[in-house]
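Starting off, we have a lone chain in the form predicted alone, written out as structure tokens.
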């Protein structure tokens, strides 16, 4: 925070009249260049600065994609369970949402093609499906790209966790796969909210060259771009190496927190219940037996000061996906996580 504060103060003091009139709907050029040099190469993405848009976090990027690509005549896929805010953004365009089941290998692409082959857009989180943590298998990635290039559809690749997903090297993004046509059909959505802090409200979208002008028109007719000083400060933060150092520390801290919570819950929960997080990251899921009401349990935990999401309702999934709790572990000290695990286990035992 101190390093980011120094970058912000320096940029604010140095702001020129030209900076104060900054009006490129794609965002600040220095931050777009920083994304190009330091963020996307680790995801296997090859692009140009003209294709990078700065947005208000991942949700701002998804909203831009929905308004640029969809209308009331269209259908769009999204993972179910999946984030409620994405479903709301799609529905506000008038488009029909098709929920696609997720299993251990990610979105069931064949199911989506069979039920909605003419969808205009497929929204997918290949690296880390929320809330299950499933990673889309390579065979399904290739099938998804084949469908998009064959049908002329667009794929919006959502990278919520970014560098936090997985304990090893992250899987290459869809946009980074060496697949003929991928550069023309895949839109990549990233965010700094998870890696830095949500109140920053900055993310980015990488669009195909053919969509630069349509996206810029929509952007210019709405919020245009985030505050210049904040964007420029983040560019300096990245270029000066602070972001890379921070990410190394954050990944270590997230791994420690995840291991602590997993160990505590395995020790404290009734036999047969254990958290899962297949791709790592800062989210865990606990599957519960059908006789436990996860919505009521989440309410009891909230009254005790422990914030969780009930699996089906909280993640926008149908009630037949099973019952469970989604736990976020990324923003809390280990002592608080330990107390929360004890409280959660106590209430789960009572409900059992």
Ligand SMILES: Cc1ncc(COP(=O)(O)O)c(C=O)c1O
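Positions refer to the first chain, counted from 1. Quick caveat, the model's predicted, so the values are computed rather than measured.
The same protein also has a form predicted together with the ligand, omitted here; what follows describes it.
Contact annotation for residue 83: at least one heavy atom lies within 4.5 Å of the ligand in the model of the complex. By the criterion of a heavy atom within 4.5 Å, residue 158 is counted among the residues contacting the ligand in the model of the complex. Residue contact check for residue 130: one or more of its heavy atoms lie within 4.5 Å of the ligand in the model of the complex. For residue 293, no non-hydrogen atom is located within 4.5 Å of the ligand in the model of the complex, even though that partner is not displayed. Across the proposed site, 59, 191 and 201 without exception bring a heavy atom within 4.5 Å of the ligand in the model of the complex.
Heavy atoms within 4.5 Å of the ligand in the model of the complex are found in one stretch of 51 to 59, 64 to 72, 298 to 306, 32 to 40, which is 51 to 59.
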